[in-house]
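Presented below, as structure tokens, is a lone chain in the form predicted alone.
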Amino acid sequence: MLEAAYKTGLVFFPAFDWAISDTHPEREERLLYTQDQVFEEGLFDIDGITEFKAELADVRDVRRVHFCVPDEERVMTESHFISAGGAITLAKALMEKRIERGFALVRPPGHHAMRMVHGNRGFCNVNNEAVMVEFLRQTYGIDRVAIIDTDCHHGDGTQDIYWHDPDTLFISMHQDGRTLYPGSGFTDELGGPNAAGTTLNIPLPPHTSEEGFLFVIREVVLPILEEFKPDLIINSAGQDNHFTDPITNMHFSAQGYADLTRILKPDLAVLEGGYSIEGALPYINLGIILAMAGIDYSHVREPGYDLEKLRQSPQITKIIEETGKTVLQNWRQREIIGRHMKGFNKFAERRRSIFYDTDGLHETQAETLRVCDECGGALKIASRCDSGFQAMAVHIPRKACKSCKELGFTWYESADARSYDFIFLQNRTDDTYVERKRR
């Protein structure tokens, strides 16, 4: 009888009642074929691999991360609460030492969901990894976390949530944003002035193969993780880098995904994208599960795989190597970059235009951050969406200094309720969330 080298927990939640449409690639079949494969291969007969049932996240879990406009019930469905809850379920099991590693195979996905949420963008409404991470911090005192996003699309939502957090290392490796949604994730996107260098992006050329992905993990990601020394490593485990994926242009394989997992050694992985429903996902997930459990996966092979046909060109190899050098240089010079960003400014401002492609909404944001040498900084966001809602949100970070905490309260209390439909205060120092509505 096979035995797992690492006790591994799995959660499956196909979300039968949620799909963008009956024919859209983001539908329940994404996980049904994987479930069938897992049962056919007898993975649950292996000692040390255990299935857990997803719990529901609650509104308080979501409010540690997001400002949902007009409210959580309008932005989310029950499936979103269960998907985020499935990630929390495994996080609890890990902290309680019932497992050593966990993989939440859940949908809807979440890594395009930003701090402010008016609807669905990139198939995402709520950020499952961020909800899980902030639950771990609040409940178990976890501090430094690394989130490694291996989805083919840039994890712009996770980047937005942790842009100003010096205790969260976010690294996204993805297809170059000049060739794929959401059109972001370039090497000069490094985080805000209070957290410079803890956001790192590794854009990869179309047709990158296993050689390129594994080079980045070994030569770029692992050295940075070694220096950052996180308490936990989270993998946003998107699977749309596969060579058969219908909406991307990469050349990764099931064996490659298993190798990546074995090398990265994530404590927890949460499923993101991946839309080759029959030809790739069952094999990718089988390989990832076996790699997490420390079991031989050399027999895992999807139909149509041909290493020679999928091998990347020397030109692609050169681009990846140069990109890796740039990313490492940004990491090593992060303190200098941070001082340059801060300058002599008391506040940093960002203005952004955000498109919710799935829901067809357009949002404009004006963001103000207190530049601070002691914490992540008090943050204020003024948001206007063509849904008709205007919101002002204040975030007081988890380790806020006295000045940032006081400023956060001042911003909230002085906001004119006649100018906004909603005014939110997310105070992470004591895990409270309050709101006011237009008078």
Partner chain sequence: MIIGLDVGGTHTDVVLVGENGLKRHAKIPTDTAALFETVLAGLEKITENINIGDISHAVLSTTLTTNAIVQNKLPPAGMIVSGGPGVNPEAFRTNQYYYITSGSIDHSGREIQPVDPDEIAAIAAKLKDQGIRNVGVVGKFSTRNTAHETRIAEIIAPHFDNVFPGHKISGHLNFPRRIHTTFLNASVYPLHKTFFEAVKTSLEHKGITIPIYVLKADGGTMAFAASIDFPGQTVLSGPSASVMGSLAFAPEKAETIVMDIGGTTTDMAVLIDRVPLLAPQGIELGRYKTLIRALHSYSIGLGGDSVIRLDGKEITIGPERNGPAMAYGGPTPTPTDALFVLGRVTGGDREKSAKGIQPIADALGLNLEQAAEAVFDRTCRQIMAAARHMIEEINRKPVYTIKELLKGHQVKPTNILVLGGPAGHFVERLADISGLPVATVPAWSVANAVGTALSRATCEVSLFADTQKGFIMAPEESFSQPVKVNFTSQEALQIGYQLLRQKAHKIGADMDSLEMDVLEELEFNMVRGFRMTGKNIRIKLQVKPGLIRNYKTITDKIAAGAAI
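Residue numbers count along the first chain shown, from 1. None of these values were measured; they are calculated from a predicted model.
Beyond what is shown, the protein has a form predicted in complex with its partner chain; the following relates to that form.
Of the heavy atoms in M341, none are within 4.5 Å of its partner chain in the model of the complex.
The closest non-hydrogen atom of E51 lies within 4.5 Å of its partner chain in the model of the complex. For P282, a non-hydrogen atom is located within 4.5 Å of its partner chain in the model of the complex, even though that partner is not displayed. Using a 4.5 angstroms limit between non-hydrogen atoms, I277 touches its partner chain in the model of the complex. Between 388 to 396, 63 to 71, 369 to 377, 22 to 30, the stretch whose residues reach within 4.5 angstroms of its partner chain in the model of the complex through a non-hydrogen atom is 22 to 30.
For the residues E413, D58, E40, E406, the 4.5 Å heavy atom test against its partner chain in the model of the complex is passed only by E40. Proximity to its partner chain in the model of the complex, taken as a non-hydrogen atom within 4.5 angstroms, holds for one residue of R301, R218, R332, R352, which is R301. Contact annotation for the candidate site: L2, D17 and D36 all lie close to its partner chain in the model of the complex (heavy atom within 4.5 Å).
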